[in-house]
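Heads up, the chain below is alone and in the form predicted alone; it's given as structure tokens.
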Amino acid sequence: MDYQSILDTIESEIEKRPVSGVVASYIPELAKVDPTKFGMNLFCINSGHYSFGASDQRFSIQSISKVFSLTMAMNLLGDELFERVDVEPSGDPFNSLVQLEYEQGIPRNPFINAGALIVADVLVSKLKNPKEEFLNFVKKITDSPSINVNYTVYESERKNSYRNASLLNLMKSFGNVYNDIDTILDFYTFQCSVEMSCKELSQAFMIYANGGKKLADQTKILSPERVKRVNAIMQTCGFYDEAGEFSFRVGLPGKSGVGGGITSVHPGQYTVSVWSPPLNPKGNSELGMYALERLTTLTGFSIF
């Protein structure tokens, strides 16, 4: 497959495509990001990296980090984790309180905010130094020791975490939160404020395309059975209340973030990451979704 030629075609189409989306503003620091930025990187298991645009520029990964925290929690707790968080699509906005009330403090899945906060609660309980160990895990699977947190984004997000604090308080009232709320919020905000490039995200997500092993040295990070489950949750829940639309248009497991990033996986084939800050009304990158739809169309295959 001539992936570079396909990416070049997508780049030429992107340059002509009008954009109606807007950059996330509920985190004030994210509102300052240049909306014209676009990067794309594809990492093929057999032939390496292909890219265009700002694929080496780091950005705030936000909710893409939930895949990494879920991986860590699954390694620590196994199926016991899913007694506290479900694996069903939500069909509601990522920060909805209403659904959580109806379902007595059990979040629908680990990728909506409530579910990711439960995963954060698990990591706070199980890890001696959650921030350091989370960052080290990301560095390990990426082979990039310079990855770090954008502390300006971290402070901006931490000061505007009222909704997430409400989710935690509601779940604590149902007995599903064990640690101090401020401690959980602090760690959750930290993980969302990690900065990575498209190339680094594609590198990190290779474990989900390569049976749980790093491609470079075949170090086992996650069992194949758990990789299957992570990919399944990405397929059905990775895009909040637009997961069905992404499956319909793109046909790959993936995860988005309000920083404008999306990373997707074609198991056994490749990983692909895009970054374009303007978001559609559902909170997903408008041009990023288009680019990934074009990728599976032009290659002629998805997981379906």
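Here the structure is a predicted model, which means the values were calculated and not measured. Numbering starts at 1 and follows the sequence shown.
One more form of this protein should be noted, the form predicted in complex with another copy of the chain, which is absent from this view; the next part is about it.
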Taking a heavy atom within 4.5 Å as contact, would all three of E88, K228 and E242 count as contacting another copy of the chain in the predicted complex?
yes
Another copy of the chain isn't shown here, but in the predicted complex, which of 34-42, 247-255, 269-277, 56-64 has heavy atoms within 4.5 Å of it?
247-255
Assert contact residue (another copy of the chain, in the predicted complex, non-hydrogen atom within 4.5 Å, options L222, I233, M206, I147) equals I233
Though another copy of the chain is not shown, can you say which of E101, E132, D217, E83 has a heavy atom within 4.5 Å of it in the predicted complex?
E101
Quick one: does L97 come within 4.5 Å of another copy of the chain in the predicted complex, counting heavy atoms only?
yes
Proximity of R108 to another copy of the chain in the predicted complex, heavy atoms at 4.5 Å:
yes
Consider V124 of the chain shown here, and say whether it contacts another copy of the chain in the predicted complex, taking contact as heavy atoms within 4.5 Å.
no
Might Y151 be said to contact another copy of the chain in the predicted complex, defining contact as any heavy atom within 4.5 Å?
no
Within 290-304, the residues that have a heavy atom no more than 4.5 Å from another copy of the chain in the predicted complex:
E293, T296, T297, S302, I303, F304
